[in-house]
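The data below hold one chain only, encoded as structure tokens and taken in the form predicted alone.
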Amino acid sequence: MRIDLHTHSSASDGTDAPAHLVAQAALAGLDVVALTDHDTTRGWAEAAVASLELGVDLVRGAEISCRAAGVSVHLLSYLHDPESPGLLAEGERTREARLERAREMVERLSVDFALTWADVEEQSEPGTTIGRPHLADALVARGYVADRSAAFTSLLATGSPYYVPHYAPDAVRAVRLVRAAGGVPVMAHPAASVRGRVVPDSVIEEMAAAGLAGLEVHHRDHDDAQRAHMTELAHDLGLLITGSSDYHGEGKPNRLGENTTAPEVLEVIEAQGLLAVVRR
């Protein structure tokens, strides 16, 4: 059984509509795919219909933007109640902050580049929360960078003069909110130093004490040494180990199913979650 527990659709910053993402998962030979858009569950309904039609089981989830020790943390939440007041409130606050940040970054970029807010809007669908990936796509369309990855390592990087931070909840609090919503929290790409600063193990220990269920160890942004360290840490803390693609569609090299999760791990996640996996 091939299981990919981290993907994004056009409901956030992916390029595939939710139904098309499920179709792509089927073509990639996946048995199970999780839809984990950033701070939203907007794509769940469409993906669930496609899941039943195409024969790919669906894990409904989201990727929650957090912070700890001044460092960005991404927390995957699986099978939670989408109407949970705590998560809804934090999601809305984060989406508003992302939008404000995106507008300010466009203003900064426009001083040196012929980039407008209209250019960015052309790269997103109605109702989508605009974020850095959409700015990246606009920069690609204008010919300033080759692709999304190039944009994120240059003009949109954390150390860039065009970069603007945004609000995100504390990671330990986010873990508790996910558990309160009946969800199963797994820390995404915890050692991915290629993305920037990462939190020390002590933060992961605090998150584990608050209810963290697992670590996404098998991810393209982890080298062999980082995978080994995260595997050892997961064992020490009694955490699950997952593997995922972090697929975003076009614009990023991540391919569906390039890293996968063991079936027995998914069984534990489903046993802990409020919702059931959507099965064909």
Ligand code: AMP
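Numbers follow the displayed sequence, beginning with 1. Everything numeric here is computed off the predicted structure, so don't read it as measured data.
Another form exists, predicted in complex with the named molecule; not displayed. Remarks below refer to it.
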Please identify, from 25-33, 226-234, 210-218, 247-255, the stretch that has a heavy atom within 4.5 Å of the named molecule in the predicted complex. 247-255
Could you tell me which one of Pro190, Gly91, Pro133, Pro169 places a heavy atom within 4.5 Å of the named molecule in the predicted complex? Pro133
At the 4.5 Å heavy atom threshold, is Asp13 in contact with the named molecule in the predicted complex? yes
Can you tell me whether Arg98 touches the named molecule? I mean in the predicted complex, with a 4.5 angstroms heavy atom cut-off. yes
Taking the named molecule as it sits in the predicted complex, is His38 near enough to touch it, meaning that at least one heavy atom pair lies within 4.5 angstroms? yes
Should Ser202 be counted as a contact of the named molecule in the predicted complex, where contact means heavy atoms within 4.5 Å? no
Going by heavy atoms, what in 48-78 lies within 4.5 angstroms of the named molecule in the predicted complex? His74
